[in-house]
Every structure is written in C-alpha cells, then in structure tokens.
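The data below hold one chain only, encoded as structure tokens and taken in the form predicted alone.
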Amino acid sequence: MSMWTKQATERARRLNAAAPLTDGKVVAGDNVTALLERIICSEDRVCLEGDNQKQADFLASCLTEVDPGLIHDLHIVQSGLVLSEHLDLFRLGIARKLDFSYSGPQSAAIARALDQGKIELGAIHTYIELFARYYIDLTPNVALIAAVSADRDGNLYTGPNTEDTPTIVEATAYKSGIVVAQVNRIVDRVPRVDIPADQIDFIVEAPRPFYVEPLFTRDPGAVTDTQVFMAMMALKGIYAKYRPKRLNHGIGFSTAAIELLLPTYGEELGLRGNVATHWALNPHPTLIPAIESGWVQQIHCFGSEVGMDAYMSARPDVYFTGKDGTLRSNRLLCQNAGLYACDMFIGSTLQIDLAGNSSTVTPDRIAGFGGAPNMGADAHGRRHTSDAWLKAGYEAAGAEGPLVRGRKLVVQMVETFGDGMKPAFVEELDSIALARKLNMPLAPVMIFGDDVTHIVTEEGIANLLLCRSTDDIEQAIRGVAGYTPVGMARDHAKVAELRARGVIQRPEDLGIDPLKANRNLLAARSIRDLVTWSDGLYAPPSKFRNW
C-alpha cells in the first residue's frame, strides 16, 4: 500500500529534532548551525537565498560551519552566487551540485571550481527559468532566506528588496519543506506582511543587516564621450524610429548614457511622451533626471537599489509601493513583465559572433545569465500588439498582414573593443571552447542571434531585421565591428550594398554630428548632480560620494 504523506512525515521529524533549540519560531544566533544540522540532510536541495542584490549572508556563514561528516553532497539551487561562503560550501564538501543563474564577483572562482571538478554543474539558468524549476523538479527541501524584520509569529517584512523571496518560500513551504529566515530585527509588529507566518518555520535575528550590493548605480562621471555618441545613435536610429514605450535597460554605462540623454537630446528629438514611458527596471539612479522631467509614468522593479528608498517612497505614482510607503519589488513578476510586456530590451555584452550570438562567458570567468536572456528574448507566446512591436515584425517579415506577428526589439550596444582592448566581435564565442572543455551539451549563450534585432557600436547601427540571408547578417555585423579582426575582414562591396539598403546606418546617415557628442549633453554629470535632481532624496552609498 502506497504512503502519500512521506514528505510531511519527514518534515515533522526534522522540526521535532530542532525543537529543543528554539523558542517558538525564534532561534538564537548561536544555535543556528546546530539547527541547520538537524533540519538539513545530506543530498537535500537547499536554496540559500543569494539574489541579484540581497544576500542571506548570516545563514550562509552558519551553513559553512556544519559538520561535513553529517551534511554533505547538498544540491544548491539559488539564483545568485555572490558571496565567498557560497563557494566555500563546495570547497568544504558540504555541497556538490549547483544550479544557478548569476555569479557576479564569484565568476572567476566558479570557473576554477568547475575546471577542478569541485562543482557538479546542473545548469546555468535565467532567473525565471530557475524559478520555474523550483515548482517542477528543483523544489528546495530547505530554504534559507533574508528579510528586513519579523514578528515573533514569523510574519515577514521583506521591504524594498523583496526580490526572489516570495517565489522561494512558496515553492518550499507548500511542498513540505522547511523555511528559515534571517532578519535584521525582530519587532512587535511588521510594517506590512510580505510573507505570512504560516510559511515560515524559524526566524533568527542576525548580528548585522543582510548584505545588499549597489549593483545598479552608475556614476555619470564615468560615462565617456564615446558612450554619449552611441547613445545618440540609439535614440535617433532606434527610439525615434520604432517609438518603444515599454522597455527594459541593461546596467552598463551605455544605457546609463541613454537615460541621462532623455531630458536633453531626447527632448531635442521631440521624444518625450512618445518613448520610454513604462519600464521593467531596477531603480537606476541615472533615470532620476528623466523621471523628474516628466518622461516616466511607471516602473516595476526586480529589486531595489541602495540609497533609492526615500526617493521611491516619495514618487508612488511612478513606483509600486505598499501601504507602508516602501517599494514592493518582485523578481519573478518583473522578469515576466520584461519578457511579455516590453517592446524593447537594450543592453551590453562581452562578445558577439558573426551570427549575432552573444555571451558574457570567457575561459576564466562564468558570470551566468541573470535576466538578460529573458529580457532579450522575443516571446512567441505574446498575443497583444503595440505599434513598436508590429513595426519591428513587419520589417522582419518584409510584409504586413493579419498573420504577421510582431517582434520585440532586442538591441546589443557594445564598443568594438572592450576592457584591455579585447575585441567585442569574434569569429567564435569563448563559451563554445568552454563547453567543449567541460563537456557541456549546450554552450552558455546569453542571447541567441535569432533574437537580436540591432547592434549599435561607435561605427554605426546594424539592423538585422532587414537582413534576408546569413551572409547579410554576417556582413552587417562585420560592417559595424570597427578595427577588430572581424571588422577588418569585411566584404567592402557587400557592406556598401547593406548601407544603401539601410541595413547599416552610419552616424552621418542619421544626421548626428560627432563633435556634439560629449558629456555636456548629459542631464547629470556626477552622482552629486543626481542627488540635486532628486531634491536630496537620493542617498548614494559612501563609495560613490566624493564630496
């Protein structure tokens, strides 16, 4: 006779084992490692909340202190591996297998660990791809999460950096898993209930607030004249042409330059109200001048950004806020918004090949994908229309009609040479060599070429929607690849033909004067300018203050 309650029975066993270490749901910090040794078993799937920004850092530290003789071979399923403790779990033999999305500062360490065979890699996912698998075949047995505050019943306030937490908790709590939350403070009453108490098993007041990375702050003082030049081309050659109102920006300096040009060059082009009104976007400080100038109507956020909380609370018509007045972010919902509700994604990458495939993987660095593949994907399940979406689709099809579907604008914006004068354009992506080396069945490609519609460099814009053959695409890419080996190998006659067809546009074709492309066009030229634009509400992290 089958047993249908094995998971619930096992959960009860673990909770009973842990009971002597707790006061109701509250666990003292000194008891957390012992608690983890009672509620986690070897080979469990564990989600140690490491998001794009906030980190359950105290619980991560405690997990590295468990006895590897008791707990080993864990399967870590978490979106971001950002802390050194995340890699220590594999070094110490506590964890063996990994499924993740983004590694950021640990990208080099992950590459080394994979090369040395210390990590068994499941897959590198996009965020919503990993979240989806939480509900299918990667459901955590135990989730270790972070929140701002909790009451003694276990109701959680996750605050502006809610990020992945509701998704992780729901997958774990409703499948007989165990959820432990580290909080900055235990309070009598939380400002709002972001996660209800019946989904939380244990809470611990951490000795310090959880770590948050200011990942989306770009200092306008570091934006270059070349990035201003490329931003002008993007605004005139793409924004003014297709008029995308709903969009997502990547986090590079090139897109920061676009945000800072909206109130100046964008105003000169007459684009206010016609482009960039609705966003799926983290709270980029560089968007403050555009918000204050009346360009932006609404923003939904994946997470928060250090220093932006007071500004967002004071702009509830723009941001999603709770009744307590603070931001409510949600990475799963915002990723879906970026995938299905946006008409354009524009971002940067490290390498682009001759088919337009792009990757941020190099032989010594595996940064993961984060959300870019979903932001930069043409969602075939989309059924609603917009002018920008239809215009791109008609251009790709070379025809209009009731069965011609639209296309999302997916724009890659790169300087032809990156850091260390490494060419951004290559004959073959480094990720393919890495896949061969590690016997990976699928090379880690961030955005596949068949989703890319435009490539912007300092040499011009390649419109891949107008290409009608693989040779067109290759030569269009070579035609904007500058003095890189890929660019120098162009077929000059073919590139001239593509330019005549409008596939390639040079700055002079767009009527852009390079002499006008300089930092004076930026609406803010320093972090301090952003503070002034925000009327003193933006409080940048200390490392960005130089006054």
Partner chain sequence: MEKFTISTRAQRPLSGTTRQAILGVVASGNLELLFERIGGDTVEINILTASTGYRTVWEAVIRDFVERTSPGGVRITIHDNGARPDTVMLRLMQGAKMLEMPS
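Residue numbers count along the first chain shown, from 1. Small disclaimer: the values here were computed from a predicted structure and weren't measured.
Beyond what is shown, the protein has a form predicted in complex with its partner chain; the following relates to that form.
K.L.:
Hey, of 292-300, 245-253, 416-424, 326-334, which bit sits against its partner chain in the model of the complex at 4.5 Å between non-hydrogen atoms?
P.N.:
Only one stretch qualifies here: 416-424.
K.L.:
Only one of E43, D67, D30, D513 comes within 4.5 Å of its partner chain in the model of the complex by heavy atoms, so just point that one out.
P.N.:
Result of the distance check: D513.
K.L.:
Have a look at R501, R38, K494, R506 for me and say which one sits with a heavy atom within 4.5 Å of its partner chain in the model of the complex.
P.N.:
Among R501, R38, K494, R506, a heavy atom within 4.5 Å of its partner chain in the model of the complex occurs only for R506.
K.L.:
Taking any heavy atom pair closer than or equal to 4.5 Å as contact, tell me whether T226 reaches its partner chain in the model of the complex.
P.N.:
T226: contacts its partner chain in the model of the complex.
K.L.:
Heavy atom to heavy atom, is L521 within 4.5 Å of its partner chain in the model of the complex?
P.N.:
Result no; L521 lies far from its partner chain in the model of the complex.
K.L.:
Using 4.5 Å between non-hydrogen atoms, is D151 touching its partner chain in the model of the complex?
P.N.:
No, no contact at 4.5 Å.
K.L.:
Check whether E459 has any heavy atom within 4.5 Å of a heavy atom of its partner chain in the model of the complex, and answer yes or no.
P.N.:
Within the cut-off, so yes.
K.L.:
Taking its partner chain in the model of the complex, would Y483, R490 and A517 all count as contacting it (heavy atom within 4.5 Å)?
P.N.:
So, yes: the whole triplet contacts its partner chain.
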